[in-house]
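Given next, in structure tokens, is a single chain: the form predicted on its own.
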């Protein structure tokens, strides 16, 4: 009920902003189209957030007022490794050229407050006290270094590399209305806010993804070349899955089918940048925003299983497209790539990439 109320308030606020906005120019319109194609499935059609797990509001006035264009650009182009937020920059294997990233930023800022200078303040806090405050007030939503939860995962190397101390301090002070991130100014003293921000920044001990194309990336190419077979175990027996809700198959049943050398296709629905860094062994890249990536999947009754990190949203779009094309046996791999990784099932990962934080418990998804 609370999440529903939050989304209704966000949609209302976004609608008011649209009514008061001045006519848009071509840059904003290009950004609107790119956002609708790539971002709306997780962040919502009006960027209100939480259409998919952990995807924050990009329209909150306190966010737009404190986020610089450089911060937004890094978030879009480099993503949030280990989460559902892919690196969409073309240099890292994503679909967006720099000018397209700038267009999305222009769209997000439409009708919102311009970025405002953040006042300087103390940047050194008591990590011990900050940890106590974080565990008592923040961990249930923002998770820990090793476990994600229902809100944005703060222990993310790219986030903490690009977010200034002042930006994080303002986020704690002012919150993210109208989302469930409430203002903590008044509930916490200024010193306690500095302490908790210092502790959050100390969580950036896990190496992130290098700011360079992973091996195999082809900058400027929206579709990856196939480097292996589309169909796994083509001579094997047909797979046989009992689906939950006529849509989902568990990772354990998929692993069992692979161990039995059953014939199937595993489709990674995320952006190619994510596939390049981490994917299920044998999976092909079929980005949810590019239906051409499905054209070479045989429509002969072979099971086609799609997965993502959401863990259902963009993989669900791929399954929906396959079903529209008449594929008889399709399903979403229920728990997604990170649950697969944490089970210790076979993956292909960029050398040196550490395991991602564990997915949220089922009750938080």
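What you see is a predicted model, and the numbers here were worked out from it, not measured in a lab. Positions refer to the first chain, counted from 1.
Keep in mind that the form predicted in complex with ligand HEC is missing from the display, and what follows is about it.
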*Would residue 153 count as a contact of ligand HEC in the predicted complex, using a 4.5 angstroms cut-off between non-hydrogen atoms?*
yes
_residue 91: touches ligand HEC in the predicted complex, heavy atom cutoff 4.5 angstroms_ = no
*At the 4.5 Å heavy atom threshold, is residue 50 in contact with ligand HEC in the predicted complex?*
yes
*Is the gap between residue 55 and ligand HEC in the predicted complex 4.5 Å or less for some heavy atom pair?*
yes
*Report the stretch among 162-170, 109-117, 260-268, 238-246 that approaches ligand HEC in the predicted complex to within 4.5 Å, counting heavy atoms only.*
162-170
*Heavy atom within 4.5 Å of ligand HEC in the predicted complex: which of 137, 129, 250, 145 fits that? Just give me the one.*
137
*28, 322, 39, 339: which sits within 4.5 Å of ligand HEC in the predicted complex by any heavy atom?*
39
*asked:* Counting heavy atoms only and using a 4.5 Å cut-off, do 255, 279 and 284 all touch ligand HEC in the predicted complex?
replied: no
*Using a 4.5 Å cut-off on heavy atoms, what residues in 277-300 are near ligand HEC in the predicted complex?*
288
